[in-house]
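This document opens with one chain alone, in structure tokens, the form predicted alone.
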């Protein structure tokens, strides 16, 4: 449907870690245009290790330069790169035995096409113009395509590495959520009436989890865009870098007329905190149709209220008795 997109979100967790006595110099070398390996007896390990991989015995920090050329020992072609990959076009991941090393390095080869990659081919390192002391500072190309580079070493060693672990999630909205979203764009709030209990759920999960009964489009019902406050919390924003909220505001649950379940996570900013109360009758003031947005609506929680409703206002009606509303506190 127009205006309704698939659910798309990214979960990310940034963190930092110290690099240590071996990985630190290795990353510093990449930033400065060199690839380093570590001596382990009569072998050279690349990437370098702090221990002997056969005996687990600690190794002296004895690093030597390897490469920049090497031989592909095995490889796989990446047809559809993700945003986390080193390139936005197809490329190869390869096990590369660098000249002077005795163990292969797994890294990216930018070869242009899969038929340009083969086991035994020669490749050479290329360093990116902007380097931060990360494994992605370098990549490989077929040896004949390597270009000469003039790299100026940095002033300080790399002692901290920064990482951003992320998971991108994309899925279509469930059919009942699509109808709910379209209702919001049309200025209507849709719920579903359980065929088993007769209770109306807003927004619906597509089933009555108390009665274990599926609900279909035939069970869709429209509820009012006004109701009574069943519970609320006053949120005082904690100030930190990037914080957009500056003033206290209300996050409320509202039992809409015709519903048996309150809508939750409703942010109220236009009613004074000291006037807000359980039982208060409120009315949604919708945004103009062209300004309504349900992009934040997902399959599992909430109603994207701030994307479609401009504000909530008191209706001026008498308050509802707060005692029955205790059942709907969230």
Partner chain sequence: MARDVAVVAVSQTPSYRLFNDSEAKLIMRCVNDLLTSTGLERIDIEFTIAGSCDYLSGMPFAFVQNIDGVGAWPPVYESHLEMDAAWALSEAWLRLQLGDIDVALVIGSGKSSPGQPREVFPLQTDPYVMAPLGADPVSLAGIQAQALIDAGKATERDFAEVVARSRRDAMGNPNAQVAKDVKVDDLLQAPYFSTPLRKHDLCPISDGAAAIIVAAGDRARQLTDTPVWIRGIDHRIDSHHPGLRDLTDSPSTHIAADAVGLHDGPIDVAELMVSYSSEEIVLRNALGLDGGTRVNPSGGPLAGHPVMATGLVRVIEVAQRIKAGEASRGVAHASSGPLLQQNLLCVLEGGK
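What you see is a predicted model; the values in this text were computed from it and never measured. Numbering follows the first chain given and starts at 1.
The form predicted in complex with the partner chain exists for this protein as well; it is not shown, and the discussion that follows is about that form.
Chemist: Counting only heavy atoms and a 4.5 Å cutoff, which of 145-153, 180-188, 220-228, 207-215 contacts the partner chain in the model of the complex?
Modeler: Result for this chain: 207-215.
Chemist: In the model of the complex, do 31, 121 and 127 all put a heavy atom within 4.5 Å of the partner chain?
Modeler: Spot residues vs the partner chain: no contact at all.
Chemist: Hey, in the model of the complex, does residue 305 get a heavy atom within 4.5 angstroms of the partner chain?
Modeler: Contact check for residue 305: no, nothing within 4.5 Å of the partner chain in the model of the complex.
Chemist: Spell out, yes or no, whether the shortest heavy atom distance between residue 247 and the partner chain in the model of the complex is within 4.5 Å.
Modeler: No, no contact at 4.5 Å.
Chemist: Should residue 112 be classed as touching the partner chain in the model of the complex when contacts are defined as heavy atoms within 4.5 Å?
Modeler: The answer is no: residue 112 has no heavy atom within 4.5 Å of the partner chain.
Chemist: Applying a 4.5 Å heavy atom distance criterion, does residue 107 contact the partner chain in the model of the complex?
Modeler: It does: once the partner chain is placed as it appears in the model of the complex, residue 107 has a heavy atom within 4.5 Å of it.
Chemist: Mind listing which residues of 164-178 have a heavy atom within 4.5 Å of the partner chain in the model of the complex?
Modeler: Contacting residues: 165, 167, 168, 169, 170, 171, 172, 173, 174, 175, 176.
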